[in-house]
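Single chain ahead, written as structure tokens, the form predicted alone.
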Amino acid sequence: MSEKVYNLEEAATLSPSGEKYIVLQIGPSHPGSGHMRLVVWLDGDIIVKVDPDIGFVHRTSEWLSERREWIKAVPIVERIMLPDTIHANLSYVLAVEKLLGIEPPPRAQYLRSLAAEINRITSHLYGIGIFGIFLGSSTVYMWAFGDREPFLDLMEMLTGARITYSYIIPGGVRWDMPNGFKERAETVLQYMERRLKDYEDIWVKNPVVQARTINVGVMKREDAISLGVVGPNLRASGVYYDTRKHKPYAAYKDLDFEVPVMKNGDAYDRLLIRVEEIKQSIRMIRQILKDIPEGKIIADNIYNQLNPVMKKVYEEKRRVMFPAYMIHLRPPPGEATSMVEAGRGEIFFYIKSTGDKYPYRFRWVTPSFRNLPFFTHVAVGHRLADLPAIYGSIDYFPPEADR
């Protein structure tokens, strides 16, 4: 890394040698930028400035949700975060439940955390696989995406879908845990534990990976805090903060788990922390499967509004058919917020109701958006060849930032 301190205001003028800086555009249609353009100013091959140009995959999720019935926003928010849809689903529903004054039953809370931790593992494997491609390892990419499949199968078994679940609804969840799920889940968890040892040998302890990531893209603790970085990237910089611990929701107050924290805040630590979080998710899934309480999967005040046919379906199949009132849901006037620790960091939701069938204001901030300062802050002074390692270590998902 260059020892020179660059003044970003000079980036559009001349380099110290009297020559103009090279301006390189990476993306937006590029396998390494993921439909986002990075404008990079270079002094030779030393990065002087990086300007992330976002918005190429803007989904208008807020605008659309303000023009749909409340329940119809669930699939809209999910499609912004395809590797991690359950957390978008959960964070929105938590805010709606505050407006409605609904508290899901304990079994539904456990099922929510179960789905969230399975989805966290698939999200981290997605990020590790993309990181592998950024560093030129197609092996790790194929391993990680292949190892997601058993967990996607678990989600399909639990929710009926592989990617976009719409599993969590105001007052609970749509389906109960099916027969044979616990046994199947334990088989998958044991498989992943064995595979993590293989990842350590071929990837985590690989001297080439270490040489390209250690002391590369360092985000210092104080900078991570002041810039508003969230999630594994924040904890990799030595900040002990996790919404599941500090502001528990769902079943997390009942679960015993650790929050991995690293020290150096470099690209290598950002890889390590995701591996450690997979281990903690496995630990939590086992606790949930062991301790999940019996009972309803939907709040009583919603169950009581089901018609006799829907109640029969619920009793026989443990499945909640959408009652008509959910389509015409009208939360009382008021405001509500929610925070959820997603795979890439904290999601923040703000919604406002005027008593209408549509949200009056629908606003959410996603973790990838909050992690954008990585591009402008940590890349300066590195060589251009270090940029893929920095980018891949952040686990940045462009549609999630664009919303």
Partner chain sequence: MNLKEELSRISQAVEIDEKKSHYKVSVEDPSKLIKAAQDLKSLGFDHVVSVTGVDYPDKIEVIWHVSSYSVEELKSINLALSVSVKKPEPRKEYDPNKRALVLKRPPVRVPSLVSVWPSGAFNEREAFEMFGIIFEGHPDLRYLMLPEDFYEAWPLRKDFQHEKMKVFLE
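It should be emphasised that the depicted structure is a prediction, and the values quoted were computed from it without experimental measurement. Positions refer to the first chain, counted from 1.
There is another form of the same protein, the form predicted in complex with its partner chain; it is not shown, and what comes next is about it.
For this session: Counting non-hydrogen atoms within 4.5 angstroms of its partner chain in the model of the complex, say which of 246, 317, 283, 197 makes the cut.
Result: Of 246, 317, 283, 197, the residue with a heavy atom within 4.5 Å of its partner chain in the model of the complex is 246.
For this session: Indicate whether residue 357 is a 4.5 Å heavy atom neighbour of its partner chain in the model of the complex.
Result: Residue 357: no contact with its partner chain in the model of the complex.
Exercise. With a 4.5 Å heavy atom cut-off, would you call residue 352 a contact of its partner chain in the model of the complex?
Worked result: Yes, contact at 4.5 Å.
For this session: Could you confirm whether residue 66 comes within 4.5 Å of its partner chain in the model of the complex, counting heavy atoms only?
Result: Contact with its partner chain, yes.
Exercise. Would residue 208 count as touching its partner chain in the model of the complex under a 4.5 Å heavy atom rule?
Worked result: Heavy-atom contact with its partner chain at 4.5 Å: absent for residue 208.
For this session: Work out which of the listed stretches, 220-228, 257-265, 128-136, 160-168, brings a heavy atom within 4.5 angstroms of its partner chain in the model of the complex.
Result: Result of the contact check: 220-228.
Problem set entry | Residues within 4.5 Å of its partner chain in the model of the complex, restricted to 366-403 and counted by heavy atom | Stretch hits, in order: 369, 370, 372, 373, 376, 401, 402, 403.
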